[in-house]
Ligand code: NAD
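The form predicted alone is given below as one chain in structure tokens.
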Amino acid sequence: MTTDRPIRVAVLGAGGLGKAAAQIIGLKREVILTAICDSRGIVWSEESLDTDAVVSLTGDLVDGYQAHQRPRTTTDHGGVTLATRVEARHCDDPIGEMIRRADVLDGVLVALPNLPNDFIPSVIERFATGGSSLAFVDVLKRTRAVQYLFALDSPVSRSRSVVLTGCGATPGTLAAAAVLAAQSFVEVEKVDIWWGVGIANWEAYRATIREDIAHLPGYTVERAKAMTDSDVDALLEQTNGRLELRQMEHADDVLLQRVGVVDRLEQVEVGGVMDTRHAKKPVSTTMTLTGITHDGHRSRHTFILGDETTMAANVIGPALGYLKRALWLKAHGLFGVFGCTEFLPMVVR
């Protein structure tokens, strides 16, 4: 897809992944950050936002952006001015404010916490029923959440929008790699995904950690959502900062079943190790697909992510690539809700 101007992107969510999205967008020439919101307010510009100001946030989005925004333009008289036409304000309904500005957006990257499972689908539904015609990409992880989103295909199609769901690392890159790996086999027996994430401070990714806690034995989405920061601290103290998760309810299963890689959800198994006290990955992230070839041999393909790539790089990079693909689909008149396994992402330069 080629355009004569950068793609105007809004980011929903200003936590760890939202700030990472701003940082990566700031390094690209084909996309610009036009708007971002958190639960308490919105920052918006018809031109572009100062991504460095977003990355520097330590608390409230609106107050933090105004405090960190850097001078952008040198005047004819040698002075400097701040970026023009930037609106930063608190509001009770930031999503509603985004919907009202949809006509100056091209795409939306959803980096909101998804607790409960229907939260992000409900946000997408608001945009669709509000008449917004946009391209959306999310990094949803749970099977039930993605299934909720697929159920919105009709209103999304009627709004002439495109949603690509599950477009982070897993699901996302690793599920897409499994689709490619499956081509060598006449029968796929199993897909195993084992991920490793290292972060130096769990508070930088509060929502992600809570979503992972919800996968632990004895925990539910509701229990994880209700946990205070002190509760999370106490749990991590018991585990020395590490969470080891097995047989996760991860949407890789429904996404791979949707395109015929597997017949049964139980053929896909996802687990991993999260270290919340060290930036180094505790284990390498791998996707291993086991299958039977046309001549009767059992073999495996393994896809390994580099240990030096962070969670942010492996989630936001693919998400932007899928957002560009969603815009390509929209330009070609293909509307509705699709999964990361149905199309390859494009490269955002």
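Residue numbers run from 1 along the displayed sequence. Just so you know, these numbers come straight off a predicted model, no measurement behind them.
The protein also exists as the form predicted together with the named molecule; that form is not presented, and the subsequent description refers to it.
Site annotation in the predicted complex: the residue of I95, L216, V86, L265 reaching within 4.5 Å of the named molecule with a heavy atom is I95. The contact with the named molecule in the predicted complex, taken as any heavy atom within 4.5 Å, belongs to E211 out of D275, E211, D106, D253.
At least one heavy atom of A169 is located within 4.5 Å of the named molecule in the predicted complex. In the predicted complex, at least one heavy atom of D38 sits within 4.5 Å of the named molecule.
Contact annotation: L112 falls within 4.5 Å of the named molecule in the predicted complex, judged by heavy atom distances. When contacts are judged by a 4.5 Å heavy atom cut-off, R206 counts as touching the named molecule in the predicted complex. With the partner omitted here, the stretch from 217-225, 146-154, 233-241, 197-205 that lies within 4.5 Å of the named molecule by heavy atoms in the predicted complex is 197-205. Every residue in the set A14, L17 and L140 has a non-hydrogen atom no more than 4.5 Å from the named molecule in the predicted complex. Within 4.5 angstroms of the named molecule in the predicted complex, the stretch 297-313 places a non-hydrogen atom from M311 alone.
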